[in-house]
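Here you get one chain, nothing else, as structure tokens; it is the form predicted alone.
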Amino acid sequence: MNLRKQIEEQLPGWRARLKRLITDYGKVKVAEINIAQILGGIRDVKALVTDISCVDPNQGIRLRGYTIPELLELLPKRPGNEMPFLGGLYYLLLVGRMPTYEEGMEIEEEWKKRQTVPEYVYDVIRAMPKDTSAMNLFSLAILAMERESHFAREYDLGLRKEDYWIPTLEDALDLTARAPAVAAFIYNYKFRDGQIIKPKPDLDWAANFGYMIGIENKQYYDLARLYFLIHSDHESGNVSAHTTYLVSSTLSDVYYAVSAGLNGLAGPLHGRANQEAMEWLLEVYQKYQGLPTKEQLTEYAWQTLNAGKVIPGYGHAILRITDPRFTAQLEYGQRVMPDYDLFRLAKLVYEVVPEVLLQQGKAKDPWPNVDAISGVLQRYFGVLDSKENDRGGFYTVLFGVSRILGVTANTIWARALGAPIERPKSVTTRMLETLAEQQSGTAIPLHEAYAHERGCG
């Protein structure tokens, strides 16, 4: 396989590069950490390495150095399609070089060879109640497929450490190939007639997802390509990426690691934000029985904030601009659905909410992120997130299908470069208090409730 050869040729140089950094420059300090960061979720602590993507505060996510506009322009496209096919993106993530059309299509063809989902995986999903959350089913299905792992079998037979990445690549190609079909069946099981629609041979990976949920619409196929591209990776510090990396560092195979990462993605503070953004828009639309005026929307935004809630889809931990992933979706919507009421509402929110957040004075970054509009575009084509009395969460499954591309690319390279098991050192609260006393010269009075504590140091 050309893909394996392209990675293999890079490894001697990469391994030498890392060895030199450790041997010759290992004591160079990268960052300092303070108590607020430790107790605040380790935010902004530079302690992870990934060459797959990074977030530029002023330009947004860069995948292998390319911005979202650059990716949409430079990645190969099939004739007649507006958006790039995802085989080209996966090649870029894995190899680090913009692919030719033929190299991108090699990935697409490889996926087609591997896309058949074992029947027992469907049986596992069918065994669950239909009101089981979609993310539960997705994580469960991927975990069930662990029996297919090439890495697990070869490791037990005595695989050389230098070769760990090779069966990991095989697992990653299998999993990424099957993820759209698994997600499509979950959608059909929960929201349609529960049938298995086999992929169409002449469609690419992303378009086939749409086809397998019963949509035969070229505009939706381009939306699927766009959606999966912009959600594919986001550095390695977010919960789904870091969880996948952490579990993989124990030499758990891709299925164990990705299932764990998806469980993190399901959280309201991570991947479920797209669901909450859509719900907030629907609340606004239902309250005003249609599109509100700017004044009404401003009032409703203030009501949300004054109730101690956030406006979902607005603000970002790193970005200081409108998220280019939001802009790409906005531009797509303007071309395809300019008169759709919920799209018009999302545009109106973009005009109103940043100003409200600036007036409130709490948000460093009041601009929309990727979640602010993604659900609207899906809903236009009839793709639902949930039903009444159902926890749903299908939009997060879509996010998960996409994110599998990035986390598996990171896992392959971590294995190829011999990344060690991740094991940070923890401290007690009393140790932090002692350190604070030593550096500030001020004693910290302790409440009597803590007088019995026996610390570690």
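Everything numeric here is computed off the predicted structure, so don't read it as measured data. Residue numbers run from 1 along the displayed sequence.
Although not depicted, the form predicted in complex with a small molecule is the subject of the following passage.
- Judged by heavy atoms within 4.5 Å of the small molecule in the model of the complex, the contact stretch among the candidates 130-138, 255-263, 113-121, 358-366 is 358-366.
- Between the small molecule and the residues I197, I321, L269, L74, the one pair within 4.5 Å by heavy atoms in the model of the complex involves L269.
- Between the options I311, A172, M212, M145, the residue in contact with the small molecule in the model of the complex by a heavy atom within 4.5 angstroms is I311.
- A residue is said to contact a partner when one of its heavy atoms sits within 4.5 Å of a partner heavy atom; Y395 fails this definition for the small molecule in the model of the complex, lying far away.
- For the chain shown alone, M83 is not a contact residue for the small molecule in the model of the complex, no non-hydrogen atom being within 4.5 angstroms.
- Although the partner is absent here, G315 is a contact residue: one of its heavy atoms lies within 4.5 angstroms of the small molecule in the model of the complex.
- By the criterion of a heavy atom within 4.5 Å, L305 is counted among the residues contacting the small molecule in the model of the complex.
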